[in-house]
Ligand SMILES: C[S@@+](CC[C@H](N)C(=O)[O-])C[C@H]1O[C@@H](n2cnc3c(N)ncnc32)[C@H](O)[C@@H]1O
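A lone chain, given as structure tokens: the form predicted on its own.
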């Protein structure tokens, strides 16, 4: 039996469901009218799920801006690559997809960190130029994401991108992810939103066989993304899902129930009203990049 290909998001979003898509999809309905995601992140779920339409939202403006930026190049992908490679060449960053320009001696002396060492100064110049620009360049932000630590998007309180260089570059995997993304979205034509999840879900005129998939920030874990979440927002989400259930609107929600000795008792108690499906999870935190075995579930009301 040939395994279904899973497409990876070119945002390489930490905490996305790329490795869990196959498992999660087994619990989705066979027929989906519109897939509705209030916490779309990198987009690994919608990219790998068939539906008649896609309503995709995230509170992170930078994430939505990158998605919209990439989608704006559908049908003219060569223009996108010309733009990206022009910036990469301008700053002298390595680009192993095109050519391996990292000196052999650097690789020999720093076998595990040679990309970071080669690109550090160049990356920092790009970061400084981006932060000092009056009109932030989305193409530059995307390159910072690709070359940055853990391929994350993080800004300080002054609104400046503030991650250090990572130990990776624009390689064949990045190109493949972009190529798949352009091809997939040429067909899917998703609609993008940048709203609070409550407003986003509240404004939709729901139709038969719509499915809401939620992958909210996790209340008991420590990633940068999860700092935006608190118990009040968790309660609001759960109350909203109870309302959706009364309206016969299908939903599936991912969440972590146990992590490093902590448990999300609020979600655990709430989930007992619905169908609970244990999910094999490998959660990676910015603060601790080792893989931690945790308890994650998918809860559905169908």
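All values derive from a computational prediction rather than experimental measurement. Numbering follows the first chain given and starts at 1.
FYI, the form predicted in complex with this ligand isn't displayed, but the following is about it.
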Would residue 257 sit within 4.5 Å of this ligand in the predicted complex, counting heavy atoms only?
-> no
Is there a heavy atom of residue 137 no more than 4.5 Å from a heavy atom of this ligand in the predicted complex?
-> no
Would residue 192 count as touching this ligand in the predicted complex under a 4.5 Å heavy atom rule?
-> no
Does at least one non-hydrogen atom of residue 80 fall within 4.5 angstroms of this ligand in the predicted complex?
-> no
Only one of 236-244, 263-271, 38-46, 25-33 gets a heavy atom within 4.5 Å of this ligand in the predicted complex; which is it?
-> 38-46
Answer key: of 55, 59, 249, 253, within 4.5 Å of this ligand in the predicted complex (heavy atoms) is 59
Within 175-210, the residues having any heavy atom within 4.5 Å of this ligand in the predicted complex are 195, 196, 197
